[in-house]
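Have a look below at one chain only, the form predicted on its own, in structure tokens format.
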């Protein structure tokens, strides 16, 4: 049985934390996206962040790698505060992270090999190209794409592009992998391939994993722990069974994909339909 967590995480502590967020608040103008959040990400575990579009999921994981800085609060990697570091210091810290962006974010002008070695070029001086070729081959083999080294992104399917992007994310042997909507845009079969790869890499590499998703099938399959964001707060946290049976109505509405009664009432309101300004014959 996986460990269950209390819903109120404002004072959460964890002795085995790889990442920790303390009282984090992020505003864009007057819009408060994250509201005094505290959270610990356990080492070697997969934490999945769910919630409606615009609730701050991607904003949260960008703070975990200091791509965004909080208005207040602190972010720690292995007990070292990182939100206040300069870019040179952060570049060294970020070599411990892999990041799979929502669209893959491959460089269209680079082939698969060149995409995968891009972070290596940024952080290391390459002196042995044979070793680099072997590394690329090994990373592609891990995602089931060895043999695609010379392909360009335009020649790959959406699922293959995600897998190449994942091979790039693990090029520097990271301790943490952050996934932003990894199954978005994929059919159920290709999405499950990504789920299996997330599980495989977590097991074989022993990485700490954070996944942002609205795909509940994926969340239930891969998560050791699921947290839900709503109105800038964490309103639920626990394993898959805990979330399935959570009493909060907003949680149940989200995981079941149900429109609220208030929204339904607005959608079902009758109204007048204005006549089109132009008719097809006007263009003949």
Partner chain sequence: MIGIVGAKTISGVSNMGQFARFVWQSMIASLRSCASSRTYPLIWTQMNIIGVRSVPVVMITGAFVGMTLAVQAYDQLAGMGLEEHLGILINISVVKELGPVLAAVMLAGRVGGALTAELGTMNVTEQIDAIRSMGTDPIRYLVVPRFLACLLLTPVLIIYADLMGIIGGHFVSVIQLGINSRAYWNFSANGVELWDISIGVIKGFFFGAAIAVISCYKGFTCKEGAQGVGRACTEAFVASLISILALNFALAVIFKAIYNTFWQLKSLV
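Residue numbers count along the first chain shown, from 1. None of these values were measured; they are calculated from a predicted model.
What follows is about the form predicted in complex with its partner chain, which we do not show.
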Is residue 94 one of the residues lying within 4.5 Å of its partner chain in the model of the complex, judged by heavy atom distances?
yes
Evaluate residue 77 for contact with its partner chain in the model of the complex, applying a 4.5 angstroms cut-off between non-hydrogen atoms, and reply yes or no.
no
My question is simply whether residue 159 lines the interface with its partner chain in the model of the complex - judged by any non-hydrogen atom within 4.5 Å.
no
Applying a 4.5 Å heavy atom distance criterion, does residue 129 contact its partner chain in the model of the complex?
no
In this chain shown alone, the residue from 84, 173, 150, 122 with a heavy atom within 4.5 Å of its partner chain in the model of the complex is 122
The unique member of 141, 105, 154, 199 whose heavy atoms fall within 4.5 Å of its partner chain in the model of the complex:
105
Tell me, please, which stretch of 63 to 71, 232 to 240, 213 to 221, 46 to 54 lies within 4.5 angstroms of its partner chain in the model of the complex when heavy atoms are compared?
63 to 71
